[in-house]
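Only one chain comes next, encoded as structure tokens, the form predicted on its own.
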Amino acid sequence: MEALDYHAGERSKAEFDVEEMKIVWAGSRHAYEISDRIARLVASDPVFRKDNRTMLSRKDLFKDTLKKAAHAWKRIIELRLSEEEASRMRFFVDQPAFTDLHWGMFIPAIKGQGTEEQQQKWLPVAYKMQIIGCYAQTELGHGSNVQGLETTATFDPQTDEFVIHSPTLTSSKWWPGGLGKASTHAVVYARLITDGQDHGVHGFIVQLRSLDDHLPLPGITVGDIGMKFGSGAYNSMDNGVLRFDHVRIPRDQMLMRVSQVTREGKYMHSDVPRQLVYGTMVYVRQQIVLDASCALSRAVCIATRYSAVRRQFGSQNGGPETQVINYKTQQSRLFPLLASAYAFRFVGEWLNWLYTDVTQRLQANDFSTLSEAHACTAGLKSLTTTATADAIEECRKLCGGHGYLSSSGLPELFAVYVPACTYEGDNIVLLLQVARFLMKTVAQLGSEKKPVGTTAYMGRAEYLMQCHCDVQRAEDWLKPSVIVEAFEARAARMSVACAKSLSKFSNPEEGFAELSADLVEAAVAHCQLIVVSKFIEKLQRDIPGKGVKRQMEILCNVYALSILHKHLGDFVSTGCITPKQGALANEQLRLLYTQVRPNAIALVDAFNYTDHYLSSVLGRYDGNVYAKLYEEAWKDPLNDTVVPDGYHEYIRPILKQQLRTARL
């Protein structure tokens, strides 16, 4: 019971009100109360057990997923949960399922791209789950290059139908979640062809399976693409393959909010601007950023709690060994990740606001902030998912050998999370999109068009290109204005340097390809500036409680200075700071780790994750790690028998020298 008492002692060191911090993490008291109630509801329901997930066969795992999804839907109906509460329930069930794509992609696509009549027809049955939808865009041969998709939708004016067809093997839809076995319908992206003319990629609602017996409809070949990385993990999702053999659908199943095909086969644009399509993309990507903060905070919670329990080396005169969390090497790897979890949470909240703002502007035909919002969400999706995937693996290593066990919760979490670096836009491709936007912004600096939103700092490029950091002591790095100016100067100088290099190429596209690695780094610098500035804005605007605010200031500085330390070459080579100022930043960072240490356990407690959700022996709230590790080991199916299956056939003959030798 030493560990149990020990964690309680760690919590007593906290210099702030943990309940207040839980509300800050959740975003509001209302959100905290809903999240807390639903998390406990899920944790107490035996149907939602998941401790055996990594030991199930693929078929059993998928059946288990179907059972949980059905039970969750049953509870949502019985308890009359709101949309927000239902979403939290699916989150805490914590098992990738076909429902993720139904609610997260299929319904938003119809809402964003369907006409009012189409929404009235399809959304009621989708909301009641009388149909199950997925999002069929990626193909075997094309993912990021959407314009290169090969599936065709050819209009037949004689029957008033579209003919959906997969003309090549590489045009097979490949990867859509929920497609493999569960979905009855899909929003399918295909090249629209009328009278021999190709109008590019458009969305179509296509029924895939019978609503009576679930068999594929005529002309449709559909199945699962097979096992994926890791045990359990994303293998609960039926990622699918889909081919069409001249499948006919009614003309009104083309999503026609932005463009239509008339009864006569004429292609035309509606009064609704095409840019509205980007609204759905902004929504999905801001959700991915919030998901990154959840996955990262989960890994950090496990690693922090275990680091406080684990003791190694340093014993004096027979006394206890040193807690791993007290080593500076552990703190310098762990505490920046803890700070990142909060930073990503706050920038995710801001993106939620941005999505609402952009949506309202689009509805009023105001597109002034759209391209900036599109670049912003693309960049932050890339930055946060890459950082989170790397951080989960780092947390596994921070837990030593035990982190490699499935029961630690970290291997499965990593395998579940890493697809986020690819889906909804490959991370490098997205950063190159951000870079194009930045180059366009730099090119317009001399014009009347002023940079807006997250690029507003570019309007002060002339000053930022020649300003000098005035840090003289380590504590000067605690000033928000000093940090922001250093990050702005670095981002501006890297973008301007890329623009100057590009101007030397007679062919801009050739230049962009040649300088793509530098452009990616400039995009990263811009995105890191956004995260830092939004963390600081959050601090200045709405953090309650003196103790809570003080801890958030410490974490904000840890995040900013750890980024500065990691990318010191950028800051020094661009002349934003001197090597000595970089050394002072590192000195201040070490001091900040000391201030985080007494509050580390309370800071991860503020995530308010149940043991059920964490699904980790190492990250248990009570700290009772070793007894539970020992107990979990005996649950493995290999331990069902003392003498293993196969002993008599394979081990005994070796031991008894009974193997027959073959004659060549």
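Residue numbers here begin at 1 and follow the sequence given. This structure is a prediction, so every number in the text was calculated from the model and none was measured.
What follows is about the form predicted together with another copy of the chain, which we do not show.
- In the predicted bound form, another copy of the chain lies farther than 4.5 Å from every heavy atom of D357.
- Although the partner is absent here, G545 is not a contact residue: none of its heavy atoms lies within 4.5 angstroms of another copy of the chain in the predicted bound form.
- Though the partner is left out of this view, N145 does reach within 4.5 Å of another copy of the chain in the predicted bound form, counting heavy atoms only.
- When another copy of the chain is considered in the predicted bound form, T54 lines it closely, a heavy atom lying within 4.5 Å.
- The stretch in contact with another copy of the chain in the predicted bound form, judged by heavy atoms within 4.5 Å, is 578-586, chosen from 452-460, 578-586, 251-259, 359-367.
- With the partner omitted here, the residue from F204, F155, W175, F346 that has a non-hydrogen atom within 4.5 angstroms of another copy of the chain in the predicted bound form is W175.
- This chain appears without its partner; in the predicted bound form, the one residue of I225, M281, A497, L478 with a heavy atom within 4.5 Å of another copy of the chain is I225.
- Annotation for 163-197: interface residues with another copy of the chain in the predicted bound form are L169, T170, S172, W174, W175, K181, A182, T184 [heavy atom within 4.5 Å].
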